[in-house]
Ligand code: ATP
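Below you'll find only one chain, the form predicted alone, shown as structure tokens.
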């Protein structure tokens, strides 16, 4: 039986991964059956009703004897813990649980199917990461596939619970179909929740040095900060992300911190860029609360606005007509220095999430720099720079009286290289793929990659 859970936390506390870890340990302790490595699915990162990281969890329990009775008991344990540990007093917390029992799994995995149930789960998972789904969407699929479910309050967590359960079904049937990574979560003792975390920072830097780039986003070298520990009053002490389980546990052994209550390894879609949509049809339109990869040409030079944010516009390729404004927010720190060097005529690809018709940048690829810039012409007699003679009236040297109708076009050193750039770890979303992962998977591809550390 596969169990998916979501929306048990709030901005003030709890963490759905912690509840999952408690359940996995408890079910193992009481001998209900073998429990799998749980899954952690990051859903659409820009939906307006998310709590913090918009993560849902799932795990599989294999019950070998007295299936019907044991499955019922497992469900009761899960319902009890979700009811007990969820932040039910918070308005935005609406827990949901989905159960996919062995009978349903056999239908999904069978060769003869009345409907393509696996394809339905695939579509639901992918849409939960890339689109904005409703509870009705989840109810419809649950009804069609005859899944059991449980929810509290408005039950909105059923969306994420079903997506996380679907992810595990797909991982089970097609292990390498989706890109995936791992995260090892360490959890605080309950009496320390809400207090300052004690983590020896020097040990974290040693862990990073010993295991990067197989582990990543543990520290931010540019900002000289550790970034693998949250700042919220949740139960998480820290999380180590990476591509290798061995490297993650190696990093864990380096770290000195306050005593942990428990730890749990998750297989996850973090660091995969699975939320990004590449438009293939010219008829498709851009929608708020979606994340895109867009090709275009810089159509206005970057400007720094109030708050330290940097904005510019691009004219989109023929696949998507019109133009769009892009923004690098202040928390992206040094990434803004790259954006400020863009100029009109640069051919680029932008990666990010759309909100209020503005793309929040996560990455950028500079495909071709425009080496030509225009400047006021110089006087051929004295060498001084000419001044504007008035709107649409050309340029004139006040000293010599010489005249030029147009600006000079000159080749300049842009002070930036072509290639891929990213926001720093301190500003990276959970689901965004670090460029160092792209480097490890792009052998033979002629692209310069500039990872942010």
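Everything quoted here is computed from the prediction, not taken from an experiment. Positions refer to the first chain, counted from 1.
Although it is not shown, the form predicted in complex with the ligand is what the next lines describe.
- Note on the interface: of 413 to 421, 397 to 405, 49 to 57, 382 to 390, the segment with non-hydrogen atoms within 4.5 angstroms of the ligand in the predicted bound form is 49 to 57.
- The ligand is not shown here, but in the predicted bound form it comes within 4.5 Å of a heavy atom of residue 159.
- Although the partner is absent here, residue 128 is a contact residue: one of its heavy atoms lies within 4.5 angstroms of the ligand in the predicted bound form.
- Although the partner is absent here, residue 133 is a contact residue: one of its heavy atoms lies within 4.5 angstroms of the ligand in the predicted bound form.
- For residue 16, a non-hydrogen atom is located within 4.5 Å of the ligand in the predicted bound form, even though that partner is not displayed.
- Taking a 4.5 Å heavy atom cutoff to the ligand in the predicted bound form, the contacting residues in 17 to 49 are 42, 43, 44, 47, 49.
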